[in-house]
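Shown next as structure tokens: one chain only, the form predicted alone.
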Amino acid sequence: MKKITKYIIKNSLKRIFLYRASLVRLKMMGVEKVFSYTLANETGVTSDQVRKDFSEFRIKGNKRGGYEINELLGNMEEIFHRNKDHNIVLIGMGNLGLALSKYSKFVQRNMNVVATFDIDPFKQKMRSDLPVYSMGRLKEIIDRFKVKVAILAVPEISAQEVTDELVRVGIKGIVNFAPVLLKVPADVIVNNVNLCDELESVIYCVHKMIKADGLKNIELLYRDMKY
């Protein structure tokens, strides 16, 4: 049975991403050991939160003598299955899809976009570092490269239809850039990435902060006038 799914990345997992970025930076500076309070200061959380997150993901270390940075990074590699390559397909070669296909960080993190797909025959003939296939070859390519994850960068009107086809050929995880909630079986993960939502969230917070600062300034002005 299909249902609308929106995979919510746990806050603890988001913090692991932050810890990893901080550890990589510290390692580049020549640091070999780190304490939980150092990571806490780097990422804006408490030492207890760092240790709690490490415990949740079974990351071990010497709390008194500090954590070995290389060991921590190794543990995090295991969390994200960085010890093996992950083949991915990209559906939709519009402006966003084209930009994603050229994103170099994928390769650095062992994520290989092995093929892209688009219904436009002109795009299928374009010279590119990655081949652009017709949707008719989707199952062939997915079976050949044993792909389980897809990036969806198609228009809203066709997103569900394409998703149904991805599920039919064995895709189990979808990163969805289309502005629509997709219906998939319970054993398929969908992570929605809506750039407009992210921007509007920042805009909301900025205006809220400006309003709060304005009210604070009015209160200070009123107090000065009163005295």
Ligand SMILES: NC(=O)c1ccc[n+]([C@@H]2O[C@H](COP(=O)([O-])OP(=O)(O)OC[C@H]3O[C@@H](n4cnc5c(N)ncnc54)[C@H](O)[C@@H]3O)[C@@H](O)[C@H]2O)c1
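Just count from 1 along the sequence shown to find any residue number. This structure is a prediction, so every number in the text was calculated from the model and none was measured.
FYI, the form predicted together with the named molecule isn't displayed, but the following is about it.
Shown alone here, G74 lies farther than 4.5 Å from the named molecule in the predicted bound form, counting heavy atoms only.
In the predicted bound form, the named molecule stays beyond 4.5 Å of every heavy atom belonging to D129. Shown alone here, Q108 lies farther than 4.5 Å from the named molecule in the predicted bound form, counting heavy atoms only. None of the heavy atoms of D197 is located within 4.5 Å of the named molecule in the predicted bound form. Listed stretches are 52 to 60, 198 to 206, 38 to 46, 170 to 178; the contact stretch with the named molecule in the predicted bound form is 170 to 178, by a heavy atom cutoff of 4.5 Å. Only one of the listed residues (V147, I151, V154, A115) places a non-hydrogen atom within 4.5 angstroms of the named molecule in the predicted bound form, and that residue is V154.
The putative spot formed by F17, N87 and V89 is not touched by the named molecule in the predicted bound form; no residue has a non-hydrogen atom within 4.5 angstroms of it. Taking a 4.5 Å heavy atom cutoff to the named molecule in the predicted bound form, none of the residues in 19 to 58 make contact.
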